[in-house]
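Okay, here we've got a single chain as structure tokens, the form predicted alone, with questions on binding and movement later.
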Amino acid sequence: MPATTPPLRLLGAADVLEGLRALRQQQPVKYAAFYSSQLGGVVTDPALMVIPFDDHMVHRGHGIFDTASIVDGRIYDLDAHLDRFIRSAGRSNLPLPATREQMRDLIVGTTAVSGMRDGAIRYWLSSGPGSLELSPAAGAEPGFFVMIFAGLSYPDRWYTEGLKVMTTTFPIKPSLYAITKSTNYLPNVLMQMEAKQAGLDNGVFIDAAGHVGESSNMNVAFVTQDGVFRHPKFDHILSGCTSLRLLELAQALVTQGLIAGVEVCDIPVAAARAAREMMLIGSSIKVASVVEWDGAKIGDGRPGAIAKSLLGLLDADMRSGRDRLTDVPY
């Protein structure tokens, strides 16, 4: 049977730009500025925030990323995130496009161009464009990209009522891939989609030994019945910068007598389900209580006091922790 599709349009540069702008008008994006080493500068029109289709990060997932928050015109914990970014590059066999300080300056400079004083920064490293092969193209230069945007947002009820989660049916990533912040988030995406299709908020990975892993793009932590703030080991999950900082800040709660101690250890599922509190932790969610797991209540089924205290400590640190804040020359 002969084809009945209409003839394809041959687009020129003006047609492509018009199409990209029309696409963005259909989407509620809040992208303020985008730096591309491939273009050699910053753009503020979301239609121009593009990466070549044959970039190895796009068609093979050979890329890494990291994030940081902008709070009151300053960047929070940029150095910790950038250090993790560089470790991920090494594990992914990705050459750095510049020195650490140069990348840091590009991140800060793009933030300044954006004018955004509250929001988020996401930055990526790819091995570059040039072919559709499995290995990077010969002679390809690494691509470095920085996006300044409004940040991820979550429902207020996650904080006032708490989240409901499930044990995902998808397997946790092998350790090397879990501890590397690569752009390959397929298991994480499938887990969150599965939870939403079940009418829940998120999922939790369990490892082969029956220990708690992590959530979709968040770490998981607990408060035991005897008051210990407990976090899974970081040898098979992502070393969340927010979790690492909260493990330090939580010592203040020990001093105040609100918790009995802080531990990083393997957490069997049975022990986790018996916890007094369960929470999700991350740079975007910060700290939010989990009140139900696989249909069973955690604690009394309400957001916990320790999660609330940790959220308060983190909020204060994000605004006044001078050793953690980077000024932006707007």
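For every residue, the number given is its place in the sequence shown, counted from 1. Nothing here was measured: the structure is a model prediction, and the numbers come from that model.
As for the form predicted in complex with a small molecule, it is not shown, yet the points below apply to it.
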{"query": "Contact assignment for the small molecule in the predicted complex, among Val146, Met218, Val223, Leu125, heavy atom within 4.5 Å", "finding": "Met218"}
{"query": "In the predicted complex, the one of Pro136, Gly240, Pro232, Gly203 near the small molecule [non-hydrogen atom within 4.5 angstroms]", "finding": "Gly240"}
{"query": "4.5 Å heavy atom contact, Ser289 and the small molecule in the predicted complex", "finding": "no"}
{"query": "Non-hydrogen atom contact Trp158 with the small molecule in the predicted complex at 4.5 angstroms", "finding": "no"}
{"query": "The small molecule contact at Ile70 in the predicted complex, heavy atom, 4.5 Å", "finding": "no"}
{"query": "4.5 angstroms heavy atom contact with the small molecule in the predicted complex for Ile281", "finding": "yes"}
{"query": "Stretch from 126-134, 192-200, 207-215, 247-255 whose residues place a heavy atom within 4.5 Å of the small molecule in the predicted complex", "finding": "207-215"}
